[in-house]
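Same chain, two forms, each on its own as structure tokens: structure 1, then structure 2.
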Structure 1
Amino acid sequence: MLDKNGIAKRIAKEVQDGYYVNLGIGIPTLVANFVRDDIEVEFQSENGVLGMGPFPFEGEEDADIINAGKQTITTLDGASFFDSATSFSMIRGKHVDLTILGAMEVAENGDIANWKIPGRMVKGMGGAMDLVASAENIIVAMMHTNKRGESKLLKSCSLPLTGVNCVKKIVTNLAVLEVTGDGFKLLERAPDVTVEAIQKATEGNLIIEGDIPEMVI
């Protein structure tokens, strides 16, 4: 199965030349490390950065240059910084081609829960609701199961929803799946992971058609 970097590396293959891409907190922030050098991509962070690069090497961090998750980042030539109003105008105006988010749960109809676990203190939803309400192309990066081994790909979400019927594709440590009207369609399996293992780890309806190829990352 894949680790977090492996998930990010596979998602990077979905990024196309000329895309404007928003990276959410967690695994999505790693995607910038793996995008091909022969394409031009603008990574946007909702705290007001356009033109993010890979994470800095140790000792080269600048504490004033951070992403939405307060991690230090690098910026590419031509990068710009702006206020939250401008940032969310980009998001709400549908100027972002691809949104990559983490999630705690995804339902088989594309619902996503990624901001709150009841009983735990949180300051608010942040920009998550704007991202899922405005984006037309959402890929979720997540682990297939939680720490107790329970599926996070469900028939319906049990946690408070961030968005409804909005997720298009999911990349986990076990598989690549497309959200369809009938459930999770299995597109690829992680190296050395069997279809049976993915089926066992998926609570929602899993659609399996023909031979499922192994991921190439």
Structure 2
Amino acid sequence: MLDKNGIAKRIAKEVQDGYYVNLGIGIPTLVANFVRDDIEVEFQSENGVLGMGPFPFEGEEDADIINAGKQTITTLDGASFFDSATSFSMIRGKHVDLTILGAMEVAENGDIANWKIPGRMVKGMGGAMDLVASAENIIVAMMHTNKRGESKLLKSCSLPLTGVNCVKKIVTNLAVLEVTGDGFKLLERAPDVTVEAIQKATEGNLIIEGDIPEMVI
């Protein structure tokens, strides 16, 4: 079973040389820490920066340079700043190669719900609806079950949707799964996690073909 860093590490392996990547808040943010050094990747933040670097050294924070999580950041050589309309041109125009975001629920048809729980204070979708409606390569990073132990991989989402038919891959604490349209195709097991345990934690249709290898992280 993986912890949050483990999920981020596994997802980092999906990041390829030459990719522009948009990382959501939470586990996705951690992915940046685990991307291989020998490939070139640029991180886009939808508030208007491409080529994000690490956090600034103490005392070097600039209130005018933040990421979409409102954190102070730095930029790397070759970075650029732009307005919000241009930022979403990058996203909507499919110039961003990979979007990694968290979810409350994913359905076996690729629907995703991650912005609203009826009855609770709704903070808003931010850029998530633009990202999931546009990206061709969306990976969801999340725990396989919620705090009550209920599956987050469902036949159909119960929460208000963020986007439809859009998630392509899911990496959880238990498994890597591909969203096929027919169901969640199990690709890899987390270390020391059985197929049976994954089956038990998956409400939606789980497709198991042949031997399921254990993840290599």
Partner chain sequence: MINKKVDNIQQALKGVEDNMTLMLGGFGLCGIPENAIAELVKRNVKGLKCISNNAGVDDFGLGLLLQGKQIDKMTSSYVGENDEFERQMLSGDLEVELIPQGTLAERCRAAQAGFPAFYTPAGYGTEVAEGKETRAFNGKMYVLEHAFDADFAFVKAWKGDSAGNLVFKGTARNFNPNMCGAAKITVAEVEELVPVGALDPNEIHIPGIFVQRIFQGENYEKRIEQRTVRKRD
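Rigid core here is just the name for the largest C-alpha set that superposes within 1.5 Å across the two forms. Numbers given to residues start at 1 and step along the sequence of structure 1. Here the structure is a predicted model, which is why all the values come from computation and not from measurement.
Here the chain coming from the form predicted on its own is structure 1, while structure 2 comes from the other form. Fitting C-alpha atoms of each rigid part between structures 1 and 2 shows the smaller part swung round by 19° relative to the larger.
The rigid core superposition between structures 1 and 2 gives a CA shift for residue 60 of 7.8 Å.
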